[in-house]
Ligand code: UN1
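Just the one chain here, the form predicted alone, laid out as structure tokens.
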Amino acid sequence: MSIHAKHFAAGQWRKPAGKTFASTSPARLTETIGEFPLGTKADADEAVAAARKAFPAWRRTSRILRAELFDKLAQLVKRETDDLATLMARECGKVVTECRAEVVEGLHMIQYVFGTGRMPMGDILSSEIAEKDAFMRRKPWGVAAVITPWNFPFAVPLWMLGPSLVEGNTVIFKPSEDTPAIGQRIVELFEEAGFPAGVINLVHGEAEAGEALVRNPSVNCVLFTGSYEVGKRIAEISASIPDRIVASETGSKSAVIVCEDAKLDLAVTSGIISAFKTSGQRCVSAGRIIVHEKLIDAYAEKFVATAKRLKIGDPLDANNFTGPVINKTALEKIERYNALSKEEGGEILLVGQAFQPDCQAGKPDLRGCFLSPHIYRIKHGPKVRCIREEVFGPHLALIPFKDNEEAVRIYNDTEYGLSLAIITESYRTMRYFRDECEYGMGYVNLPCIGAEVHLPFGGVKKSGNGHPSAAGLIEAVTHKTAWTVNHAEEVKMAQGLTTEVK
């Protein structure tokens, strides 16, 4: 059934007043998920005004009562888990088992912020003066714009919406134009959970709606996950707006480093999951596996053999490992990088090709954006673009290294620094990479994917701006205040300052 979508502002669903756009399935390009309003500046401004109006009352609401609404939301997500996973699989092309795991991840974020409602929101500190009590308290900024990507259309919005709202901010949510149906469903659940009018607002659309939110001076925080180019644009616009905080996560060229002492089966499994889960379309997907030269021949043979066996097909079939890439534009970009890998001297071990999977009997034909893994072996070099630039697809380089120092140089030789995995049996080797590599999230004897909500999610260099998402977002959506109380009947000053008034 096709969804007829609306904006949501001040607790009211608003019918589209202008143009609309369609959300289609990347697995079945003839399948329309729904029609959605193409948001304008007026739509964005209306949502911001609603959030601004709702902020004072929401800020004054007990933090515990704000958190208890998230407990209600958690029960609704549990009720809807299977339907949400199916809708997500249809709309973004991830296999339904992976979609279900994402819904659970979003649920974990909701449960986490519910738990923070009764936790400390500041610190008690000592004063130089015995008669004084000193406190650090957190206060919400005000209105937050939440702009999210298509590849995690349920979990990533909740990483941002949850901490923002429980701390007393109000929000305007703009989901990706590739996954607006999941975005709308999130807001419907917030409404059902009883969040007051204006506390959460929804604007659908493309660049016009997003830029209007960013340009509105009544928006105090912009929380963004997406491309570096868009993140840079947000930062440039926001630089001229007083009291504006931007928290962004903007891509990667993440890697797995396979050391000489690595257990081969563990290393191959970690590499396959890192590179090809979600068709390589995670922010943290590995575009590179950096392998010790003594192990690379055996590793490449086993890795390629494993990749050939991966089941790629209908995202609604739980037996498949992965589904399509998100759209034709993405497919064409990946194919250009596949060709570039050969032009730049890569030894092609497995050619990535567009194809149409066989359809199961009784199901609609698959005519979508399916692409098989592309794997090549290449030496690290100073001008090799395919091992430095983000591809965002099933495109993988195997790169040999001689020693740990060279592996660090290879890993750090990109403009990104998001995720890292080390496969080793040596705690000394692990510690060396932990300290010398430039990253935001590190894993040992694991894939370089697999974030958990109680840890910060973010990176360095072009991957982030020092305000990680998930649990780490509290630092961006609140500001610290100092509060000092004198219990004496006379004034006593710190640093020995005299209180004599002459």
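For clarity, every value in this text was computed on a predicted model and none was experimentally measured. So that there is no doubt, residue numbering starts at 1 and follows the sequence shown.
The following text describes the form predicted in complex with ligand UN1, which does not appear among the structures shown.
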Interface membership of residue 152, ligand UN1 in the predicted bound form, 4.5 Å heavy atom rule: yes
Proximity of residue 70 to ligand UN1 in the predicted bound form, heavy atoms at 4.5 Å: no
4.5 Å heavy atom contact, residue 173 and ligand UN1 in the predicted bound form: no
Distance check, residue 450 to ligand UN1 in the predicted bound form, heavy atom within 4.5 Å: yes
Residues 105, 159 and 443 all lining ligand UN1 in the predicted bound form, heavy atom within 4.5 Å: yes
Options 451-459, 464-472, 36-44, 62-70; stretch whose heavy atom lies within 4.5 Å of ligand UN1 in the predicted bound form: 451-459
Position in contact with ligand UN1 when the complex is considered in the predicted bound form, options 223, 284, 397, 422, heavy atoms within 4.5 Å: 284
Residues of 241-280 having any heavy atom within 4.5 Å of ligand UN1 in the predicted bound form, listed in sequence order: 249
